[in-house]
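Have a look below at one chain only, the form predicted on its own, in structure tokens format.
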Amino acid sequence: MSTYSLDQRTAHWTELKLQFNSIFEAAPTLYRAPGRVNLIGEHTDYNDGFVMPAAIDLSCCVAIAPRKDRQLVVHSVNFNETIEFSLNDGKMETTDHWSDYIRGVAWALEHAGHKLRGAEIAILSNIPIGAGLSSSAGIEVATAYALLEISGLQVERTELAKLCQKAENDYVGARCGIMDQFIACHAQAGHAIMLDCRSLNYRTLPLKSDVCLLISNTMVDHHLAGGEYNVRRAECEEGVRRLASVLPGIESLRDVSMAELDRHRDRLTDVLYRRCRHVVTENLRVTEATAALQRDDLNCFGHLMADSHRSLRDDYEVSCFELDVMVEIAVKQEGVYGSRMTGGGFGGCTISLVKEESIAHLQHAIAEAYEEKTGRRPEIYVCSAAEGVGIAKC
């Protein structure tokens, strides 16, 4: 159980700076990009839908210094490994290794016409890997931002998010939507964002100062989510293909109403219908949740979180026993407005919106009840909504 304080954050960045100095014997500049939690709007981003993420104060930090050549020498503090490759290598073939995220953003930036300088890089992340908190987008956005900065290049933040998404889609091979990279670029402290994943228009939504984001890690690695994520995306695309024959002009499930989906249910298998129903109803929930936040109705927001979790569990089938247990425990606790799984599913974390005054009790009560039911000791993070990518000062 942990609360990530300002002192811990500074110590995290100071450790990285010391590691860089010892490896490269140079003075680096530090950049950081946050992980994220999605309050509501799951598996809607790749369907051109609506999402409501918030950045969290767990981050990936990149220490960087320029080189005179076009080599990238990258050390991961987390994995205690160093890799090296040339930016002149146009192919930059994938290696199924953590370094693919670095190679991928370099490849995406170069192919977009941004000629990069070589650099020495050290990376340290405290975003839990495999927990569904977007450690991949954190490393992508922090690295891309750092490479552009030391190369004297300027890229607008939405374009930066798109390039980092391209790196993960086309280089790493995970067909993620834009949400993770977008929030890492555009997040504002103390706010969630309601993002239209089609237009990329967004609005910031202030979170009350006495409300905390309680993130409960089931300690079940969501490794299945990668393959199943791509399966779910393909199922949604198949649903659109079948519905397009009777709903001409639709481009994604974003364009389908619940009435239209029910009217043409016979065009779909039961599985495809349920996948589509989740996406259509989840988009409606995000819209309703936005209105609830704007009028400070956190009880309504909590009910929408519960509906979202049930839909993800029953219609989209991306939950698991441990996630369901964690949610069931959380919603019974005093001081919890609502709780749901967050991220791709099949493990990882839940997000609970809670009263700040209840934090100490909730951390212990949830952890003890979860361990008793599952035999796993969870990690519980108390977070606030954090700022997007930028320079890290220590």
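Values in this document were obtained by computation on a predicted structure and should not be read as measured data. Residue numbers here begin at 1 and follow the sequence given.
Another form exists, predicted in complex with ligand GLA; not displayed. Remarks below refer to it.
Legend entry - The unique member of Cys176, Leu72, Leu243, Cys320 whose heavy atoms fall within 4.5 Å of ligand GLA in the predicted complex: Checking each option against ligand GLA in the predicted complex, the one that comes within 4.5 Å is Cys176.
Inset, instruction - May I ask you to check whether Arg32 falls inside a 4.5 Å heavy atom distance of ligand GLA in the predicted complex? - result: Looking in the predicted complex, residue contacts with ligand GLA do not include Arg32, since no heavy atom lies within 4.5 Å.
Inset, instruction - With heavy atoms only and a cut-off of 4.5 Å, decide whether Tyr46 touches ligand GLA in the predicted complex. - result: Residue-level check for Tyr46: yes, a contact with ligand GLA.
Inset, instruction - Answer yes if any heavy atom of Tyr202 is within 4.5 Å of a heavy atom of ligand GLA in the predicted complex; otherwise answer no. - result: Tyr202: no, not in contact with ligand GLA in the predicted complex.
Inset, instruction - Give a yes/no on whether Pro28 approaches ligand GLA to within 4.5 Å in the predicted complex, heavy atoms considered. - result: Residue-level check for Pro28: no, no contact with ligand GLA.
Inset, instruction - Pick the stretch from 337-345, 353-361, 322-330, 52-60 whose residues have a heavy atom within 4.5 Å of ligand GLA in the predicted complex. - result: Stretch with heavy atoms near the partner: 337-345.
Legend entry - Residues in 180-202 close to ligand GLA in the predicted complex, defined by a heavy atom within 4.5 Å, in order: Heavy-atom contacts within 4.5 Å come from Asp180 alone.
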